[in-house]
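Presented as structure tokens, the chain that follows is alone, the form predicted alone.
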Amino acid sequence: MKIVFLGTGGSWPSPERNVSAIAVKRGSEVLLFDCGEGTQRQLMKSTVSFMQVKKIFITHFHGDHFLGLPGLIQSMSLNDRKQELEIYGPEGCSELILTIMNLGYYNPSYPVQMTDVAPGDILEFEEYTVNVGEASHNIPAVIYALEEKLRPGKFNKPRALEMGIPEGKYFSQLQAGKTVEHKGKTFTPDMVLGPPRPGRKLVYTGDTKPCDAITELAKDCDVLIHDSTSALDLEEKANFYGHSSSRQAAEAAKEANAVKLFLTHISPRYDDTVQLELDAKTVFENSQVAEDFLEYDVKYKE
């Protein structure tokens, strides 16, 4: 799982930061969380192919989080995309995407599936789930928690050899959870695999001031990507507009027992983010201000 930060600024683009968009690459699939203005160009400048984006999750409908959709949808069509694109967002998402797709004179060359989500929803996919929580913003907004499903336990090679299972395809099949037969004997995965191991967990808050939903969804996560619009001295103002300070983001990470915190949605007022990171590190040491095009490989805890 690789995170690629495409836009880490808040409200409007600046010379240093584009507005909100985060790509998560898993194998050949790319998930996009938010799609602010200019996201398709950020994708083209990054190591991620915009044509690999399969699912887009929008946190809310302020322009700096969704206005990149019209251009991206059209560019995919102009590049002869055939694969379905799935777009998820809070109530009104389906209606908004239909409106976007009727702007100008073009028809997508591929199907677009639109799904409205609500806090408490659990979106089930083959290898992972996406849990939806309620953010505390000044318009309806959601938080997303991407959690991989359990992995098979560690393979006990000495035990397998002791039982007479030959190396090669039998090992691979057992590791994949399949039962095998060899010389009239049946071997099941539980005979040679340890207990299931957790996958990786990533939580993205979108825009929000501190709220219980964050720590609930982010419990024991590997990565928390949190609204950090201001430094400590402007915390009250940030909260008034439905945002968090970097210190409050660090408090959420600490309470949730997160492994890593990335600070994002940085106000354009900050040319220098040293104070934001310092405010956070005072509370939660493993904090980092995200920069556009920063890449981070999410490791398994084991």
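Every value quoted in this text rests on a predicted model; they were computed, and no experiment measured them. Throughout, we count residues from 1 along the sequence that is shown.
The same protein has a further form, the form predicted in complex with another copy of the chain, not shown here; the description that follows concerns it.
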Just to confirm, with a 4.5 Å cut-off on non-hydrogen atoms, which of 113, 173, 79, 83 contacts another copy of the chain in the predicted complex? 79
Since the chain is shown here on its own, which stretch among 189-197, 94-102, 213-221, 165-173 would lie within 4.5 Å of another copy of the chain in the predicted complex, judged by heavy atoms? 94-102
Could you confirm whether residue 247 comes within 4.5 Å of another copy of the chain in the predicted complex, counting heavy atoms only? no
Distance check, residue 274 to another copy of the chain in the predicted complex, heavy atom within 4.5 Å: no
Going by a heavy atom distance of 4.5 Å, is residue 242 a contact of another copy of the chain in the predicted complex? no
Going by a heavy atom distance of 4.5 Å, is residue 11 a contact of another copy of the chain in the predicted complex? yes
Is another copy of the chain close enough to 16, 38 and 67 in the predicted complex that each of the three has a heavy atom within 4.5 Å of it? yes
Just to make sure I understand: among 112-139, which residues lie within 4.5 Å of another copy of the chain in the predicted complex, judging by heavy atoms? 139
